[in-house]
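Subsequent text provides structure tokens for two forms of one protein chain, presented individually as structure 1 and structure 2.
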Structure 1
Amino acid sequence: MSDTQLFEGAGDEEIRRPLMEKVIAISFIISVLGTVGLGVTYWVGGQPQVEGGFLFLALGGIGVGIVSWGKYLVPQGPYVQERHEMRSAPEDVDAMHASLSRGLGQVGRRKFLLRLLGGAVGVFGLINLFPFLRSLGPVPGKSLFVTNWKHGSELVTADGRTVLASDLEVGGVMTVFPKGFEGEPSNAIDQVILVRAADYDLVTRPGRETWGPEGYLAFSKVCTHAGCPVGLYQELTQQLLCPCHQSLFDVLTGATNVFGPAPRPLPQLPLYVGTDGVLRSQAGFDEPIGPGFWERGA
């Protein structure tokens, strides 16, 4: 700490800058007025812009004042201070090594006890980590593989209205849920985008011959990329676009991913039209919906 003596007593000469003193005084006065304005604004009910403006004056006045004071009215030097290398003197380092080794020797001699201690702490950590993690949430189990869609699920809108095959015009689009699961939290997983791409039966892919009655195609609305709702339907090109990362899915070929980062098509929900004219699902999805995870394959 001896280095600080270098400039002690230096720079005590008086700095005279009347103009600066005036500027600083004005700054502080601006601050006071700003604070008063702020108080009045609060008193009468507050208004964001006026509050922001007065806060700016109140804080800025103090800030400019203090900085100017520190910059123009007190000595600036420059002063010089020595610095030392961080490492300590060799004799101190040696003494540290000696102390460290002495302690280590006293403890490390009892190897068996040391191992036992390590074991005890390790077991404690491991075992207690488990309930801590386990209390946080359930294990996923099969929940990422299933939705609430099953054979005969009625398609309903978010407010529970049953969707009839006559409801959508060609070029229409709608978000639907299995009846009874239109509320939270299941609607996050079960959401399906229903598109009417034609007025005749559509086959998106071999093996899906009956899935698109009267031109109705239904796909999981959860993007296979990062899980956003694929709510953006471009009617002329008959493509679904994900608003988050712009993955593009081609509806007529079974929502195949044609552009952007999405690695898989949106799973298609097989539909049929009941005798009552209500749209229903033939079965649940034939693959897990949404983004990928370790436990699923292709």
Structure 2
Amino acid sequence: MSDTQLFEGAGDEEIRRPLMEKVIAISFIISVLGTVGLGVTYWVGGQPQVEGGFLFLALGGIGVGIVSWGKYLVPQGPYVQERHEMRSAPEDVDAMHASLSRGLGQVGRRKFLLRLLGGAVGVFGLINLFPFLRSLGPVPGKSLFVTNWKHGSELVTADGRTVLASDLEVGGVMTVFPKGFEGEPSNAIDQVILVRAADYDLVTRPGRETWGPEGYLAFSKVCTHAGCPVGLYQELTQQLLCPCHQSLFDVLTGATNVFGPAPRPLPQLPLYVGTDGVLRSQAGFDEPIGPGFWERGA
């Protein structure tokens, strides 16, 4: 088969090729739009049927474009050429020149299609990061520096019941929240473990002479090691235990860490008993709660 035979039917190809280039370009553009739609729908809350439709457009556009490219723009072959003398005939030289001329005219269009293909695949890959970014949750900002505890906050249980000074016997313990925030999504940072370690006022450290009325001591329940909930109280030793990594805190010395990986004591919440017998906070925490990331960043 001679080179001249390779270019037989070139007239039909000249008509079909620009049309298929447009089809391929439109396919990649549809893929990009479908991917953007998928990302926006997922980010604002998601809707499975709509997301499925956009995913079909995103992947289908890339698939149609690549298959069409391979079928209509890439030489199909196989080509067989009979042996002939090394010197090309004049008509073969003319045919090759014509082929090169057509190829140079297509270089710009091919670059455009390659950019569209790269854009479609790149945008789809970027949108695939959305689940990972969204699963990280909101940026904490300064949420660990400031809780909802303030002067006069009533101590309430998770179901909103007000805590009275007569509610716990010595050795009793419960989890409490500031009134009005017991049902909030952010109540994890507000949770406090309330312990009645005695039936008389307790002083855990100098400067905290009024913080433990009638033996009540309150500490942040967020462990200073990894943020796990400190939920166990050992009455005999008067220690709080974080069951996740076995950190122990001595309540009588201000929840000082006496064992385990916790790097610092649990922040203590100052309390007072109102005239109505309700336990309230004197103020918020005087230091950040939870793991000591703020110390490492200082």
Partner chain sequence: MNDHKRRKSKKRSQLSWAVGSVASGAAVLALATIALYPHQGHAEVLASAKVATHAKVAAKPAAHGASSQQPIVYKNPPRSLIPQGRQLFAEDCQTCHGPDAEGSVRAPNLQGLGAATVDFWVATGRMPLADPTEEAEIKPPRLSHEQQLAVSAYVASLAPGGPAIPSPNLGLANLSKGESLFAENCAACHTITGAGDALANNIYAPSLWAATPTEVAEAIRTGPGDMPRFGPGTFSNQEVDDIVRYVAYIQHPDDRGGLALGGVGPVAEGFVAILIGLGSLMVAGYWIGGRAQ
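For residue numbers, the reference is structure 1: its sequence is counted from 1. Here the rigid core means the biggest group of C-alpha atoms that line up within 1.5 Å when the two forms are laid on top of each other. Predicted, not measured: the structure shown is a model, and the values here were computed from it.
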Just one of these is the form predicted on its own; is it 1 or 2? 2
On a core-based superposition, does residue 35 travel 2 Å or more at its Cα between the two structures? yes
Is residue 236 among the residues whose Cα moves by 2 Å or more between the two structures after superposition of the rigid core? no
Using a rigid core alignment, state whether the CA of residue 283 is displaced by 2 Å or more between the two structures. no
Once the two forms are overlaid on the core, the CA atom of residue 23 shifts between the two structures, in angstrom, by 56.7
